[in-house]
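This document starts with two versions of one protein chain, written out as structure tokens and named structure 1 and structure 2.
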Structure 1
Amino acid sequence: MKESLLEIDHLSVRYPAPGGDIAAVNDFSLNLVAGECVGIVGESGAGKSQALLAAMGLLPRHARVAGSIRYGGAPFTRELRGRRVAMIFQDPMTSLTPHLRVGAQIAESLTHHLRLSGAAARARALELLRQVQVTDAERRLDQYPHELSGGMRQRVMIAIALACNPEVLIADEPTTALDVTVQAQILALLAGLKRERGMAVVIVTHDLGVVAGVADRVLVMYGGRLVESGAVADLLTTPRHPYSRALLRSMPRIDDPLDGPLHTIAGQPPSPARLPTGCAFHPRCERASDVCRSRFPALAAGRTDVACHHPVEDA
């Protein structure tokens, strides 16, 4: 058994609101093991980002967070953020400082966390840019973020994230805004970093194809909850949760046989301000019965762990 690094247990996130609480995340747990890559999938509003931001202590003050977050067996503290656990986001522009040169931004985190001197920090910044395969790395050090392409900016963010040799990298939709060939480059880079450094990676995405390429394990979220989790090879080939299965079928893919209209899921994802009773997926589920409308299904272990009263049986 590998050492577990980040342990998120029974995490929930609520926002008080006049018409009743907004339940952004409900009872989310994740035990991240050294060197593995976990993909978290779900449609917008499923709670993916909120769960990870809450785990990192990055939510606004009015968010009500409950649950336990531990790192290496001890409570997670802010000091670990940036050092042991680094995070990158969909839009690198929001995390980069616009008027600061790329070299200075990377160096800033080196001097802050590692107390490197100016010259040493610059040399290390250059080395980091090369590791994330930034072309023309020397010249890039003196450029500003807006002079870089989206793909280059994401590489710079990864370089900053790698500055302190973290054991965990959390990437929230890191390639959603990128062109498909650049997306493939960034994913290949992340897969390489995981392999070569033994770094654990959590990647949030709405694209099951992204998960298939880089993840070992996948968690599916719906209505703020984890509805299925399992090995990628199992979950993406024979999902047990009706939502995972429907999601997989409704995704257009370049290798499908085109032998009928695309599978659809009726209706739309629920608002966390008005979650359906029982299983949040019941208004859209083909397999729903009375019990689904009244009782929430607990996550139960099996070939994949699944929260469903009537999981899809193995064929």
Structure 2
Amino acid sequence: MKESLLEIDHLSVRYPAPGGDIAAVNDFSLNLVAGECVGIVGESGAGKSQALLAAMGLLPRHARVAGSIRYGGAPFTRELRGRRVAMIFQDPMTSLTPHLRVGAQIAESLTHHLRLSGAAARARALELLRQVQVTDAERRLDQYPHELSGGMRQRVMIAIALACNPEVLIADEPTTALDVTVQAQILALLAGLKRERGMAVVIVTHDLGVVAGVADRVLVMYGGRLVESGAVADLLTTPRHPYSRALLRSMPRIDDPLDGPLHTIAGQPPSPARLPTGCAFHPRCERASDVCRSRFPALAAGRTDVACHHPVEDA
């Protein structure tokens, strides 16, 4: 059995508000083992990024976080952030410091965590840029973020994340706003780095195609909760939760008729400030019954683990 690295157990995130707490994440758990890639999917507001930011200790001070976050069997501490567990954020233009050169930003974590000198940190920064396939890496060291393309900036973010040889890499929407060719390059780069370094990787995304291409396991979130999880082949071919199935149906297929209708999920995702009682998906679900409106279902084991009173069992 592979070593368990990051363990998130019954995590909840609340924000105080005048009308009552905003429930961003409810009872989320994840056990990440060495060498695996886990994809987390769901619509905007599902709680994907909030759960992982909470695990990294990067939420604002007024956030109320409950639950257990452990790394290697011990409580997760700030000292592990960037050293053992690193994160790539979805918008490199706002994540990179605009007035600092690229080399200085990569060297910062090397100096802080590994105590490398200026010359050694610069040499390591150059090596990292070459590892993430940045062209003309030596010249890029002295450039500013605005002088790079979106794909190059994302590669710089990956280089910063890899600087201290982390065992866990969290990528929050790593291909947002990139064209499809660059998306494919970034995903291939992450997959290659995972193989070479034996890292565990968590990818947060809206794109089920990304999950199908790189993940071993997938978690589906809705309304701040985990509603289904399982091996990527099982969940993407025979999903059991009506929401997972609706997500898959809403993805255009290459063999769909060009003049055919696009499948959509009726209604809107719920606001974390006004979650429905019972299962949060019931206002949009064709299979909903009275029990769905009154009681949230527990996550039950099966071909995939699913939280649904009326799971779909047909192929």
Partner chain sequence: MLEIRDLKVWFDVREGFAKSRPLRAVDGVDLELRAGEALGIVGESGCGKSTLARAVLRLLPPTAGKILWLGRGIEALDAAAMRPLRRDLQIVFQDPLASLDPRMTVGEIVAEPLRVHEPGLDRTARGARVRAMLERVGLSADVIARYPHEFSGGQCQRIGIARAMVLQPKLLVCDEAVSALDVSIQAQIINLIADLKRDFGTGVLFVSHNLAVVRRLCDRVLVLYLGKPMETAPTAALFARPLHPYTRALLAAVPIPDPARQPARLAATLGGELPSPLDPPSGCVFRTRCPHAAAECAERAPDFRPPNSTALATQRVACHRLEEI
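By rigid core we mean the largest C-alpha set that fits within 1.5 Å across both forms. Numbering runs along the sequence of structure 1, starting at 1. If you're wondering where the values come from, they're calculated on a predicted model, not measured in any experiment.
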Which of these two chains, shown alone, is the form predicted together with its partner chain?
1
If I superpose the two forms on their rigid core, does the C-alpha of residue 62 end up displaced by 2 Å or more between structures 1 and 2?
no
Quick one: once the rigid core is lined up, does residue 256 have its C-alpha move by 2 Å or more between structures 1 and 2?
yes
